[in-house]
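Next up is one chain by itself, shown in C-alpha cells, the form predicted on its own.
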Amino acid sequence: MRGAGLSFEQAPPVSIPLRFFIAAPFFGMLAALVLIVDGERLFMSRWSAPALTLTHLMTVGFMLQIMVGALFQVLPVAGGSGVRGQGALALALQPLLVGGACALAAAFMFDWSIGYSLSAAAFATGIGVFVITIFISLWRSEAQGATLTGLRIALVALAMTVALGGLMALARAGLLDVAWLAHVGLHVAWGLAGWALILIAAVAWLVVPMFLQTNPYPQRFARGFGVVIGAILLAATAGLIDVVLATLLLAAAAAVFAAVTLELLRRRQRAANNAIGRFWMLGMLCLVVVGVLSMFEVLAPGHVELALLAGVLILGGVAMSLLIGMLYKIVPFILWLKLRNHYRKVPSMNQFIGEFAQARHFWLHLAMLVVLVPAPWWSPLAVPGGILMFVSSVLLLANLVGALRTLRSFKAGVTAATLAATPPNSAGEPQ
C-alpha cells in the first residue's frame, strides 16, 4: 500500500511502536506524583531535585518512549526500507530506556549516586545501538525529502544529548570532573531544540497534511528547518557563537515553526474542529509563548517564575499536547492499516479511539494546563495540577489499551464467524 510517496507496506509490526507508546503514560503518572508529593519544593527553582526529577521523567521517560516508537513506525514508511532486526532491537532497547529513566529520576530525587552511573550506562548502550542501527537504515534508503533530512539531524542531536547528559551524570556520580556540569545549557539545547523539536517537525511534515487535512508545509521551509537548527547547535557547541545568541536563534526558529503550523491549521482544506486539531493548535500556541519567554529570559535573566512557566509550557503545553495528538492519529491508523491488509471490511479509525474520548481528554489536558500555569507564583496549585496530570495519563493509557482491545475483538469475532461458517467434517468437527 502506497500513498503520497509513503511505503506503508514497509510499516513494522504494530507490536513494535505500541510497546513504546503504551509505556509512556506510566512516566506521566510518575511525573504527576512528583507534583502531588513535592510540588512546593519543585516550584522553588528549576534546578531543585523535584524539578529535575519531573523534567527527566517527562523527557527521557514520556517523550522518549513516544518518539522512539514513532521513529520505528515512520522511518520504514518514509524511507521505504525496514529497520533490520527491528523486533530484537525494540525488545532489547525498551528495558534499557525504562531502566535508565527510572534510575536517573531516582538519582535526582534521592541523591542516589549509583543511579547516575546506571542511567549513563543504560542510555549509552541503548541509544548508541539504536542510533547506529537507524543510521544504517537511513544510509540504505534511496528516499529523499524533508522528513528524511530531519530524521538524520534529529538522530545526531539525540546522540549529542545522550553524550552530554551521560558525562554530566558521571560528574554528579563523582566519576568525572564537576566542570562537565557547566555544559547543561548545551545539553538542554541539543535535547529540546535538536532532538525533540526537529523530530516533531520531521514527523509533522508528513502527519499534519495527511491527518489534519492541511496544505503541505512550504518545501524550502521544511527542507531548511532542521539544517538551520543543526547549524546553530553545532556553532554553539564549537564556541563560534555564545549561548545567548544561540538561544535567541533557536527560540525564534521554534516560534516560526509554530506560526507556520498554526497558519496551515487555520487554513486547512476541510473545516474540522476535532480534538486532534485542538491538541496541535494548543501545542503550537504554547510553543510560540515558549519562544517569546526564552528570548525574554536570555535578555533579562533572573525571573525565576517565568523560567518555571517556560518549563510547564514546554513539557505540558508543547510536548504532551503534540505527542498525545499524534498518538490519537497514528495508533488508530496503524491498527486500521494492519486489519485493512488482511480483511475487506474493517472498523473505521474512529472506532479505535472515538472522537468523544479524544475530546474528553483534550478538555482534561487543557484544565491541567490552566491549573499549572499559575503554579510558579502559587505552588499549592501543584497538587490539583498533579492530580489532573495523573488522570490525564491514566486516560491516555486507557484509550491506547482500548484501541488495542478493539483490534483483538475484531480479529476474535472474525475467527469465530469463520469457524461458525465452516461445515463440520464426518467426525463432527469444523473442517
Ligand code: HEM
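Note that the structure is predicted; figures quoted are calculated from it, not measured. Residues carry their position along the shown sequence, with the first being 1.
Missing here is the form predicted in complex with the named molecule; even so, the following discussion is about that form.
At the 4.5 Å threshold, heavy atoms of V60 reach the named molecule in the predicted bound form. Looking at H56, you'd find a heavy atom of it within 4.5 angstroms of the named molecule in the predicted bound form. Heavy atoms of L52 reach within 4.5 Å of the named molecule in the predicted bound form, making it an interface residue. Though the partner is left out of this view, W195 does reach within 4.5 Å of the named molecule in the predicted bound form, counting heavy atoms only. Only one segment in the set 160-168, 292-300, 321-329, 219-227 has any non-hydrogen atom within 4.5 angstroms of the named molecule in the predicted bound form, and it is 160-168. Not one of G28, R41 and F110 places a heavy atom within 4.5 Å of the named molecule in the predicted bound form.
Site annotation in the predicted bound form: the residue of L285, I136, A235, L181 reaching within 4.5 Å of the named molecule with a heavy atom is L181.
Here is the short version: of V208, L104, L199, A78, the single residue with a heavy atom within 4.5 Å of the named molecule in the predicted bound form is L104. With contact defined as any non-hydrogen atom lying within 4.5 angstroms of the named molecule in the predicted bound form, the contacting residues in 108-130 are F108, S119, A120, F123, given in sequence order.
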